[in-house]
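Before any questions on binding or motion, here is one chain by itself as structure tokens, the form predicted on its own.
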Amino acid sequence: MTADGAAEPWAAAPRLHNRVLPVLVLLATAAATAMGFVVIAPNRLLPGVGVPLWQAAAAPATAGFAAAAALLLTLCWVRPRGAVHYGAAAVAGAVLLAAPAVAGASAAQLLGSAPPASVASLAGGFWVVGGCAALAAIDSLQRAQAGAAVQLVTAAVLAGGFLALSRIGAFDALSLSREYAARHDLFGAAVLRHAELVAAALGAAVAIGVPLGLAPLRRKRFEAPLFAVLNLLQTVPSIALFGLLIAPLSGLADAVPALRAAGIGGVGPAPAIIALVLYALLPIARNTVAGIGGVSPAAIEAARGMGMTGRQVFWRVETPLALPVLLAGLRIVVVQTVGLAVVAALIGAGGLGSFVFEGLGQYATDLVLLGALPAILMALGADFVLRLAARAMPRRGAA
């Protein structure tokens, strides 16, 4: 206030409350303007020419994206509260759903005047716009402190919207959709095999890694040699480790015919699962040491004072209190295992990696994406579920 009671001239000046959204909006706008949104190529193997959003899409679609960008920028200056953050998340989610639909419609229109063998692919501008929209939605939900139920509903709405657009053929003109249609019968089996590899490796890694992590807590002298070996395994490149397992497993299968009859050999799922287990042991063991070792000694002493045995203390006190840390480690392992399982296709393990390496061999980018995108979604989905579970653990413990 001034001496005469008037408000300071800068008191009513608008204030930027969110510094993340403007950066994302400007980045997405620059990508949509200067980069290709859809690529038109003479066939699936040759490179094409990128078409920006403002040229590829119809005028109403371009105006819709512009309006969404303007609305998000406006919300950055509004006093932050729950409704504002949820509104920003809704706008960003709408852009995330609209982007592939507009790309599909643009592809259909552009292919109408192109040679018969031409294909339309998603260009860099599309991925930047979609990535920025996803980050904007996540940032807004975090600012709103959305609970697990809201996050699950948001994920379900986005997934349902994408499936609905797919059912009505919104993406049929895109080369990625055509690659899927050509391999529809193989795709489901590849996803299932990928999930089987990840589940088998995680189950075995937890069964082995948790006892390994408990060993240093019971006998301190085990810690240095144990983690020296596990750290050494982590330094071996994944492709090299897969290759190193071929010779010994082939020899073992030749020496024991029962193993070969069971499907264990130098190539296939067996060496892939063994390698994935070896890579997962270090984070599981380290988080077991951190989680169980971080339990308050007072809680353990109180449990023993109540007459609990060592096993009861472990299962009823140490494990529940360490669960948030254990789940955090499991999140890392799941994401790592899903990614490494793609590489396992090189030794005949199958899974989504078979599409990735087939596409690389044919220089077919959309075929690579057919394997890479589901793997990414699988990793993100597992990480999302485990993150929500880890957030719920402290509340359960407190209850």
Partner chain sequence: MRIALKTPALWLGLLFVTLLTGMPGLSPVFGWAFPRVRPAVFDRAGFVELFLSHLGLVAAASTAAALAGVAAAVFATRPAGRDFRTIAALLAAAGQTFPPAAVLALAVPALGFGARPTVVALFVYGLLPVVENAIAGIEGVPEGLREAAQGMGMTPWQVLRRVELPLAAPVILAGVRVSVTVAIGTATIGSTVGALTLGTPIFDGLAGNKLPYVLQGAVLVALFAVVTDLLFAVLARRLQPADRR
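In this text, the rigid core denotes the largest set of C-alpha atoms whose superposition between the two forms falls within 1.5 Å. Numbering follows the first chain given and starts at 1. Here the structure is a predicted model, which is why all the values come from computation and not from measurement.
Keep in mind that the form predicted in complex with its partner chain is not shown, yet the notes after this line are about it.
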In contact with its partner chain in the predicted complex (heavy atoms, 4.5 Å), from 209-217, 183-191, 142-150, 163-171, is stretch 142-150
Going by heavy atom distances of 4.5 angstroms or less, which of Gly350, Gly64, Gly339, Pro52 would be at the interface with its partner chain in the predicted complex? Gly339
Have a look at Thr154, Ser177, Ser250, Ser118 for me and say which one sits with a heavy atom within 4.5 Å of its partner chain in the predicted complex. Ser250
4.5 Å heavy atom contact, Ile376 to its partner chain in the predicted complex: yes
Partner contact for Ala101 in the predicted complex: its partner chain, 4.5 angstroms, heavy atom: no
Hey, in the predicted complex, is Val385 touching its partner chain, heavy atoms inside 4.5 Å? no
Tell me, yes or no, whether Ile239 is in contact with its partner chain in the predicted complex, where a contact means a heavy atom of each within 4.5 Å. yes
Sequence order please: the residues of 349-384 with a heavy atom within 4.5 Å of its partner chain in the predicted complex. Val356, Phe357, Leu360, Tyr363, Thr365, Val368, Leu369, Ala372, Ala375, Ile376, Ala379, Leu380, Asp383
Is Pro80 among the residues whose Cα moves by 2 Å or more between the shown form and the other one after superposition of the rigid core? yes
